[in-house]
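Two forms of a single protein chain come next, each set out by itself as structure tokens; they are called structure 1 and structure 2.
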Structure 1
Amino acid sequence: MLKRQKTFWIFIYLALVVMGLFNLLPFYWMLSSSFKTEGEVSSYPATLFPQVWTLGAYSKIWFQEKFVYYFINSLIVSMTTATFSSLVGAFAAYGFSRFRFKGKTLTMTLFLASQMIPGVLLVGPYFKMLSLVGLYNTLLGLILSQITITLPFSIWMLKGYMDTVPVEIDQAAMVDGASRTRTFLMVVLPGILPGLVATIIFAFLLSWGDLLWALCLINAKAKQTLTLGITQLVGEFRTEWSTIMAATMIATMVPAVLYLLLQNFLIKGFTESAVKG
């Protein structure tokens, strides 16, 4: 245990508080606006604290605007995308990290380059391809499309983490008789748990915040995602800020909770079992 002076800790906690304020300010604004009435939210100058508290915006979102469906859809799509992308990505990252083979540099660069084309131009061809295989207007089609966006980033991130685990550990495990796959799953993966969590969250958020794909690849209102639903609240007629803020609050709470869960369960759970095993 490294000893630190008191001033050090005071500085640390002060900095954390500043960070907290910086991060949370817009959320405070969002939260307080979601509890205001429409009239108050549009007033000038704006009120810093709601004068009249109301749950009207939230009830409108949940009951009137079918946001329950959007919520569930988003959850399904984003969780599947994140899991798949991290899993497939982890395999690929291990391949890039531990093996030498022809075309490795080229493939890696290609993976990254695939991210450089703006989504705007890709939606049309995606749409065509998906409708050809009958996946248009399905959550599965949306998941597949989103995986192609999250996968390259996931691979690069995971490879970076895996490279920090020395090859000797792999070799030690294999000398003990473990297969490559087993080594990968039991030794390397647990070794990069914080990085894995970061990647999963990252893929989840990419999928959670996607607009363009959900807009073009999903038609039925019941299958829409949460982010898409929120943008539709900003219509040509009647933008109600309190409603939008309420919906956004719900939308941003989920990833935060997910991160908390992953931190607690995945990392704690794995580290314990890894130590035991």
Structure 2
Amino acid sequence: MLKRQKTFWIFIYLALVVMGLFNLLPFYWMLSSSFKTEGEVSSYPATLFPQVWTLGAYSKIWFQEKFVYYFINSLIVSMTTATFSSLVGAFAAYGFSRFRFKGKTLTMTLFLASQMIPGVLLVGPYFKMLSLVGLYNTLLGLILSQITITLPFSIWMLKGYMDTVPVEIDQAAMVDGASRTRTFLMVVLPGILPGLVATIIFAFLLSWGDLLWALCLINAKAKQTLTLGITQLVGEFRTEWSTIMAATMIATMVPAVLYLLLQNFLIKGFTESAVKG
């Protein structure tokens, strides 16, 4: 019996090692290639470690290619989308969690159904509508289009967290003289803070990694996002892979740093939703 258990755990650890290598090797290759010269990246056979370490790709992508503007555009779009959809989603989730009204179940079902529609089917109608109101090729138009994707997701997530907060807490606060809005802001919202942070992170990541909407709704180079800017690095006759890897590393570091800073809230939010849900 002990031998079987030992064999089982050896198999589990080997499987975890294989999965870890499968996920980390592409990231290591991207990191390693970003520090290589263009000639070394294209050389054969490939080198596992850079023979000559250089920051030339990062310098070129940040200053020569003007990626700083793409980076700022992505931050503006992602932070605005995540903040607006999470805050509005919190108010909407509170209403769905605390009040009874006609069409409540149908509305929530429609929110859920909207997440099942492929984004590529919505690009055409959004392109037409934004063009009619003069918001095509603007960051505001891109933000509004992405909010329509992240807002239903935020409402569904936050409603689940709202349901874990007892209604008696609301009633006790209002008995003490607090208004409904003050009760929500001062009592309920702090109680679901881990869930709110988790929702903000997911909405931010959905917006940060978007390419389809930016590709179809943004045309001016000065308003391009980071993901769209990376695609412009693939040339018709030549592709500078070290520069692409450096740009991808820059784009990857923002979600990584965001997760490291907020991982305690994120883990706590997942744990609470798993236990109470």
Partner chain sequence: MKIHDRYKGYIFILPAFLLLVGILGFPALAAILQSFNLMWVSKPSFTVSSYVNLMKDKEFLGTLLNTMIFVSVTVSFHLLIGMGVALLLNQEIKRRHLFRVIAILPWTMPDVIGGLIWKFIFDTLPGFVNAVLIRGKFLTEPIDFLGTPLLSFLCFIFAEVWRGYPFVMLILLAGLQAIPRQQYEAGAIDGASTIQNFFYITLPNLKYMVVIAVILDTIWECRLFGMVYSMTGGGPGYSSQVLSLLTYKHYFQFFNTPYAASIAVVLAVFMLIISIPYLRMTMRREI
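Start at 1 and count along the sequence of structure 1; that gives the residue numbers used here. Just so we're clear, the structure is a prediction, and the values are computed from it rather than from any experiment. Here, rigid core means the biggest group of C-alpha atoms that superpose within 1.5 Å across both forms.
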Of structures 1 and 2, the one that is the form predicted together with the partner chain: 1
Shift of residue 53 between the two structures at or above 2 Å (CA, core fit): no
Rigid-core-fitted C-alpha displacement of residue 22 between the two structures (angstrom): 7.5
Between the two structures, how far the Cα of residue 259 shifts once the core is aligned, in Å: 3.8
